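The chain that follows stands alone, in the form predicted alone, written as structure tokens.
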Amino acid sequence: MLIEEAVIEEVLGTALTSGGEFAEVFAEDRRGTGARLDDGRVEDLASGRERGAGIRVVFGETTGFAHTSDLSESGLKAAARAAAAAARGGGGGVRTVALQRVGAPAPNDVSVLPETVAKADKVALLRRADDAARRAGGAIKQVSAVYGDSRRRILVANSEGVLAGDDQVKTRFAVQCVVTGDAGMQTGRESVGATVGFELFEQFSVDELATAAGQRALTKLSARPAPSGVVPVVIKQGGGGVLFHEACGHGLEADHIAKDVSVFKGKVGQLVASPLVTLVDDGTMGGEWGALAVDDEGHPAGRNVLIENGVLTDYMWDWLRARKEGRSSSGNGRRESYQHLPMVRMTNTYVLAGTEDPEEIVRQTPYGVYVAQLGGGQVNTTTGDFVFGMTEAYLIEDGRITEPLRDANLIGNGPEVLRNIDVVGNDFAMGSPGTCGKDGQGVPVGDGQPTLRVAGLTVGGTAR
């Protein structure tokens, strides 16, 4: 246990005595290792550890927050007094908190803690990936590979009696290849990550990841300019989950609703998407990148259906926003570290599978674009407008996937895309691990979807 239970009770009491209505202790012990190989040389190999606690005190509409790396009783009490003073000066009296441990099952088992694996074995994975990628073709001029692992132990206790903890282990690996040819410089990337230990590399081969990244880059050497204008777009399973995360998911976070900066405000119970679409956020999802036992406010992770058969059913909630609405948290209160306040965040967000054969979806598309992988993008949650990069895409002609396309953008509006999905495949898959940024904080998230078709979406290509 990061902090003794008796000490936690004293710290919470100190925060409440100073005038708070609600007090919370969030303690964290995080360690991790990262390594990067670039052009055959190991450029970075580092390990780090960070410990500390954040104290939150709420009085009315005001929140006071203080954090400290001193986990002693005196250090924690000093932070509690500072947070309480920020929430409300003065106060008095004594309040006792009786803590009751919250039980939440771990989403998966960890077999091999990465911290028990020698750094030399981690570097060896990078070198294997470099060799495999270069064997994919002579046009490959540069290979970079990144390894990372982390272990994050947390403890959350608050004045409502919650006492919870989690031990989150994550491992990831990524390879990027650069090729040069008549079409200029092209890149290919492949990555994998999960809330598991070093056993990740029993499930995935770094040689296969590197070969796939190399082949993706090589394929782009023969790519033609992407079309421009509104065309049908088929998105491959797992390749476009980030679109739903960014263009729809953020707009369903309750803090955006409360601030009136979401296009989905006031639409619970309304049809906001094609009846073929069911959108879920699920923190209990096995070893996926956004999986957790409890959120960073001590509430058990949940499987929350946000849109069901096209109808908006609910938003995602943290404790603070849920408290104002007189309801329970949905397990979506997350923070980057003990130095940050929690806010509403996604975990694993995805569209459920449908019933159609994915190959038939392509055959029923006379002309369009097939997106195998989307890159980063931007979205305006108030309007739902977005721009995403296509990092691997192909032309669809006469119901067949034909020539590869150069990188281009998809431009559209989240609610319109949801309404314009006209067929959904039966081949669901999660995509690559990601880090979601919001208000200066980053947290690990997952996303996914089956193969599906958007009847019309603007492609910002250069072909005429």
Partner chain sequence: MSDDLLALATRVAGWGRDGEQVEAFVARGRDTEIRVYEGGVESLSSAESAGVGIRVLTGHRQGFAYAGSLDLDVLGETLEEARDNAGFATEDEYLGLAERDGVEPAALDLWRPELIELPTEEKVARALELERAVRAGDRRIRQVESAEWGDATSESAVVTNTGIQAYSRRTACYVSAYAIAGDTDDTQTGAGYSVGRRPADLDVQQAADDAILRATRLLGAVKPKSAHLTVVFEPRITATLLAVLAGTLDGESVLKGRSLFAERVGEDVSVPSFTLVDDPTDPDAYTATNYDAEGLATRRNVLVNRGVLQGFLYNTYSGRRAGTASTGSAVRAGYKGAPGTGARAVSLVPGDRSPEEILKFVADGLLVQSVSGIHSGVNPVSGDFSVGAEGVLIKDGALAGPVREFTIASTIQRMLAGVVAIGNDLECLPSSASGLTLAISDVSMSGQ
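Positions refer to the first chain, counted from 1. Quick caveat, the model's predicted, so the values are computed rather than measured.
The following text describes the form predicted together with the partner chain, which does not appear among the structures shown.
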Students should find that, of S222, S191, T313, T383, the residue having a non-hydrogen atom no more than 4.5 angstroms from the partner chain in the predicted bound form is T383
Could you check which residue among R216, H256, R151, R172 gets a heavy atom within 4.5 Å of the partner chain in the predicted bound form? H256
Even though the partner chain is not shown here, does R88 get within 4.5 Å of it in the predicted bound form, heavy atoms only? yes
Are any of the heavy atoms in K119 no more than 4.5 Å from a heavy atom of the partner chain in the predicted bound form? yes
Taking the shortest heavy atom distance, is F428 within 4.5 Å of the partner chain in the predicted bound form? no
Flag L341 as yes or no: does it have a non-hydrogen atom within 4.5 angstroms of any non-hydrogen atom of the partner chain in the predicted bound form? yes
Go through 386-394, 102-110, 287-295, 350-358 and give me the stretch that gets within 4.5 Å of the partner chain in the predicted bound form, heavy atoms only. 386-394
Counting only heavy atoms and a 4.5 Å cut-off, does the partner chain in the predicted bound form sit next to every one of S228, G377 and T458? yes
Contacts with the partner chain in the predicted bound form - residues in 157-182 whose heavy atoms fall within 4.5 Å: Q176, V178
